[in-house]
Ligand code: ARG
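Form predicted alone, single chain, as structure tokens, below.
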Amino acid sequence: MAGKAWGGVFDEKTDARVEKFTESISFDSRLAAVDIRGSQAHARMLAEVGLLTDDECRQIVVTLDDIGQQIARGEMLWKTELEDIHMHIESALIARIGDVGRKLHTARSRNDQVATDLKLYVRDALTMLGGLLLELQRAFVERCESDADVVLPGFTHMQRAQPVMAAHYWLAYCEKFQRDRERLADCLKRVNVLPLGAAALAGTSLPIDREVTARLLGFTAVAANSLDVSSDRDFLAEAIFDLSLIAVHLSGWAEEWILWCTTEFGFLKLPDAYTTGSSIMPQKRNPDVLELIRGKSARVIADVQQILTLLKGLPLAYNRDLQEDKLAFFDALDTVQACLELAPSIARHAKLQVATIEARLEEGFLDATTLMEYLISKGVPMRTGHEVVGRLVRHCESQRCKLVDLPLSELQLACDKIEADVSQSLGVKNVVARLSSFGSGGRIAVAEQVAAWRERVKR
């Protein structure tokens, strides 16, 4: 048992099956860089309070740099018996500098060490994801300029409802991804609290200075309860939930564009670089990338269930169950990152089929609501106006015509408040000219939002 960090009290070797069952190096090796950063900061703090000499600290820091480079080159041999990334790095350190390396773990446990590693890793990951979301927002803002004059039908219940500028659609996605970015930034507040120094669960009798460690690692606060630190994975559950909502937003966008590129809709053509063909049907262009973005959201949603189920029955403080926490986060992170790395290119290069859209734009009575609002402006009660326009729509359906096709005299038979100026409220182009409330899909209101978003997504 001499090779084990915890082997002093044991008389028998660990069963090889147990070593295989309990190892985490197969997935936590990706924490190597943050583990080294945390260990170097810990060593510097120990030197500052006199628990290491300056020379010992220098040896540890320099040697950890060398070990990090060895790992980055893929030259580290992972061993099941060393269990995890922490013991691999510590063992490599001791093998190189002997007793000086054995001093590194002074005043810390793997419990607070892994919590610190996770927070460093999550902090870096959330910052990276925020950048990817920003790039996707930029892609949609760029579309607002190229599609500036395009009008699209808006839908509720998948039924044509009211017309909006195409840019209004693109900015709707920007709003969703902005909320995602803000959630990530808010999550960082909880992530950015230092666990290191809580040791196993009770703190330490040694004269450490946790504020020094926090400063060295860029944490904005220090965790105040050592018992809580060992078991706290709230920040991880919150981060995974935030990732799941990003995945849901990406899935909704993918679903919409999958529909839009069908022959039945004909609104959109995806670039060949982001579609695939059929092994039997030569004509097919399948939106496989969007379908996989939609499909992969299920995995991220499942990761939320995994972490919450893992945490729900754990007593204080650390329990080995928490070794499984990383799997949920790594899966959610990798999945969302892969989707976000492809999404901006698809958003930029897909082409609206403007001729097809315009050919059918007047279908579905997209001007009905604006006609009702015209009646309201003439003093007609809203519910009465709603009924009047509903009867007119039914009449048009029976005559196979549109509201804009009805002569003024026929409109006036339906309501004597209607005057010649009603023409300014009929037809899709007139509707988008009249929609004027803040945040609406009308031409002027959308132009104002596009200008505002152009400023927001600047570097």
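Here the structure is a predicted model, which means the values were calculated and not measured. Note that residue numbering follows the sequence shown and begins at 1.
Another form exists, predicted together with the named molecule; not displayed. Remarks below refer to it.
- Checked against the named molecule in the predicted complex, the candidates R123, R110, K103, R210 yield a single residue with a heavy atom inside 4.5 Å, and that residue is R110.
- Exactly one listed residue, out of K189, R73, R383, R320, brings a non-hydrogen atom to within 4.5 Å of the named molecule in the predicted complex: R320.
- Although the partner is absent here, K326 lies within 4.5 Å of the named molecule in the predicted complex, judged by heavy atoms.
- Using a 4.5 angstroms limit between non-hydrogen atoms, H86 touches the named molecule in the predicted complex.
- Heavy atoms of E56 never reach within 4.5 Å of the named molecule in the predicted complex, leaving it off the interface.
- Proximity of V114 to the named molecule in the predicted complex falls within the 4.5 Å heavy atom cutoff.
- Partner contact region in the predicted complex: 23-31, out of 425-433, 23-31, 57-65, 394-402, criterion any non-hydrogen atom within 4.5 Å of the named molecule.
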